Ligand SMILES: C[S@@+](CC[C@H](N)C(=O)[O-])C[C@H]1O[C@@H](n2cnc3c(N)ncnc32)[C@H](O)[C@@H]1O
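Next up: just one chain, as structure tokens, the form predicted alone.
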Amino acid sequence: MNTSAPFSVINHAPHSNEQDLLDALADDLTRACYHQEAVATLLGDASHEALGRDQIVPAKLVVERSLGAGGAGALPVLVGLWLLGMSFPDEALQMAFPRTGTAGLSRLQLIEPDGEGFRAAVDLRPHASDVVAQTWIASDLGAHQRPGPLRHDHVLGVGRASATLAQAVIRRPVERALELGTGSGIQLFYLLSHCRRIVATDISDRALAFARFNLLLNHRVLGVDPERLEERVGLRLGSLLEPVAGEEFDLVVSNPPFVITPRSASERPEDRYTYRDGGMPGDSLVESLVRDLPDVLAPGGTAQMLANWEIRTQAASDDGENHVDEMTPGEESPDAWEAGPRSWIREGTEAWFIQRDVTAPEVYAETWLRDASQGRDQEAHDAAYRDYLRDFADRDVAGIGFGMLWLRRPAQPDRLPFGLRFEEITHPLEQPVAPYLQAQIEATDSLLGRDRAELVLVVADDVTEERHQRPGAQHPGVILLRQGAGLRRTTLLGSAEAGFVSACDGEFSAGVLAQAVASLVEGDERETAANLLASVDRLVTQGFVTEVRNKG
């Protein structure tokens, strides 16, 4: 269903058909200085950090003291209402929202009666980044803000995963973009900065209602015309790629419902947590997306998404037979995790998978049971926990990988300059990491058909060298290059390679440097020079050295 027609009111979701009322709310939020920095200042470091861990008691104490002292303005009321699950009487809300009023908040379906006062029906919090100025994001209240398990059609706000994706998406200007599983619409805020037209899909009509509310509440900052929203953003109801079948996009972005959940013959669609579970067994939802996304990519188009994948004790061998890798959770062989993702990639598609974490089945189950507050019913929790472990055991799953991936449909089918790359990078990255991903893709593309000997190279600005040797040793036993920015990789060098890198100062070609270094070290000079030129690909594509353009 394309929702560019008049948007119907969805029960238990924000109402967005009264733009004047939305603008009044935006004015009230601005007047109260309801922004990230102001909230952090009000709460103080310790309470604000606790709130980031979903611990609201310290922040409640701060807000209660501020309200008791008086003269603190509307901000404590807004923080208590939207972030802390506190109830307020009508007169307090009238003062805090002079333009919107209690009646307006009720019409927008943002508050609900609670005894003699009102409490929030949604979470509404400030958000800002280096791409998007001060905005506000409405989503469902979390388990720490309301009693009982989450709704099965729960709509997430800005969590760690959505922030990770936003920091990884390469912000190249494009004509048409697609977001699969938009949720509350946070990725749209970023996409609007560099995409002319966006289609956003979701299987939940409540999620689309939240996304539309957030776009229209923030239309001034986002630069969209509320009367012509569909000219920039089309909201469509449907599962995965179904709503866009037959269309092509320059960019696809998705934080899909990739959480691996046990399936049962008796389960009902309404029992699934749709924000995280696509209703498919194992990691088959991610597999289907990796296989099918090229169908909706224009030539040269790219897709970026987050995902989970299963790491199994039985991996497929080259001859199609199964063999057992001796592997326990947390101790997988270096390339064991690649088996599944590698098998999903369609011929003629370029891909870059970066595994950021590996979780044991027990920890994975505990994480997602805790996420929905399912532990509050101990009997149901234990039954669900057993289902998780049995499900993983049935498929010989030793661990679950989490990471990000990039796909590209080549502009020319017979030219795949990037190819396939699988990396495991579990240490902290510099954020946003997108500019570094883009630089390494462009560096890899630039090598296609080039003679490595003719390249003129220079060591990247953030790279340092580290040497280790035993006391009294004449030469170092270990030489490392370390990146201080971006993906912050470390690579091991041999002595000849270290000499070659040290000589990369932008003056001479790689071929000249390789010959010069080879003449100074022991061994076959021709073979050493060839090996040094072969290492150029790794050094360039991983960003340790960069090419000097237009030398001379």
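Residues carry their position along the shown sequence, with the first being 1. All values derive from a computational prediction rather than experimental measurement.
Below, we turn to the form predicted in complex with the ligand, even though it does not appear here.
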Go through 481, 290, 203, 437 and name the one with a heavy atom inside 4.5 Å of the ligand in the model of the complex.
203
Residue within 4.5 Å of the ligand in the model of the complex by heavy atom, from 207, 260, 178, 169, is 207
At 4.5 Å between heavy atoms, is residue 182 in contact with the ligand in the model of the complex?
yes
Should residue 234 be classed as touching the ligand in the model of the complex when contacts are defined as heavy atoms within 4.5 Å?
no
Exercise: residue 275 in contact with the ligand in the model of the complex, heavy atom 4.5 Å
yes
Touches the ligand in the model of the complex: residue 214 (any heavy atom, 4.5 Å):
no
Are all three residues 157, 186 and 238 in contact with the ligand in the model of the complex, where contact means a non-hydrogen atom within 4.5 Å?
yes
Using a 4.5 Å heavy atom cut-off, which of 252-260, 440-448, 140-148, 118-126 contacts the ligand in the model of the complex?
252-260
Does anything in 352-366 come within 4.5 Å of the ligand in the model of the complex by heavy atoms, and if so which residues, in order?
none
